[in-house]
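Okay, here we've got a single chain as structure tokens, the form predicted on its own, with questions on binding and movement later.
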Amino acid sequence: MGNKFMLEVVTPDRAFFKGETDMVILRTTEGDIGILYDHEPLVAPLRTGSMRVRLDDQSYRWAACSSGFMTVSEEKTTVIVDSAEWVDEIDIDRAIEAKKRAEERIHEGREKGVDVMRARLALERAINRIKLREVRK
């Protein structure tokens, strides 16, 4: 394992992760990016997707993350997202229900006063959670 850096992941609800790692991989609006020790300073917007944190044994711990942004500085990498949950925390039944609700709201459309953009974002989050849970059980 290479040199480590401090990684902090926060959501409005909790400090999701705070610790050292030698690599984190996140989905930005431009594609996936890997952050290693001594990465150049950076601010980047994040898309809904996965986050992979490399552990001491070289395996990865996977999480589903919603949109947000990250900053990389000399001191640490900070990830701020609307929501994050480790794959083993994902309640698949709840995610499937969220997907169904979002699809129904999109189908109802604006004529019923539905915020379609918000429903599409909810659908994107639910699909991401389902995919990650199925692939990374």
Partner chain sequence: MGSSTREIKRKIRSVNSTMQITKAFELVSTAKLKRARDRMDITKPYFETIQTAVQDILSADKRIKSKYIASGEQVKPLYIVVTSDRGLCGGYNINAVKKSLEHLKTKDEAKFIVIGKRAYDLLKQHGYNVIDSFLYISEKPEYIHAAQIAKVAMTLYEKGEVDSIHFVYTRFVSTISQLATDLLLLPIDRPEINDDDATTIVNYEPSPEEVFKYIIPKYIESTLYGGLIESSASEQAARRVAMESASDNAEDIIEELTLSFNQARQAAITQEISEIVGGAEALK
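Numbering follows the first chain given and starts at 1. Since we're looking at a predicted model, the values are computed, not measured.
Missing here is the form predicted in complex with its partner chain; even so, the following discussion is about that form.
Each of Glu30, Leu42 and Val81 is positioned with at least one heavy atom within 4.5 Å of its partner chain in the predicted bound form. Checking Glu104, Glu97, Asp88, Glu74 against its partner chain in the predicted bound form, a heavy atom within 4.5 Å turns up for just one residue: Glu74.
Although the partner is absent from this view, Tyr37 stays clear of its partner chain in the predicted bound form, with no non-hydrogen atom inside 4.5 angstroms. Contact annotation: Val53 falls outside 4.5 Å of its partner chain in the predicted bound form, judged by heavy atom distances. In the predicted bound form, at least one heavy atom of Thr11 sits within 4.5 Å of its partner chain. Interface residue remark: Gly68 is counted as part of the site for its partner chain in the predicted bound form, having a heavy atom within 4.5 Å.
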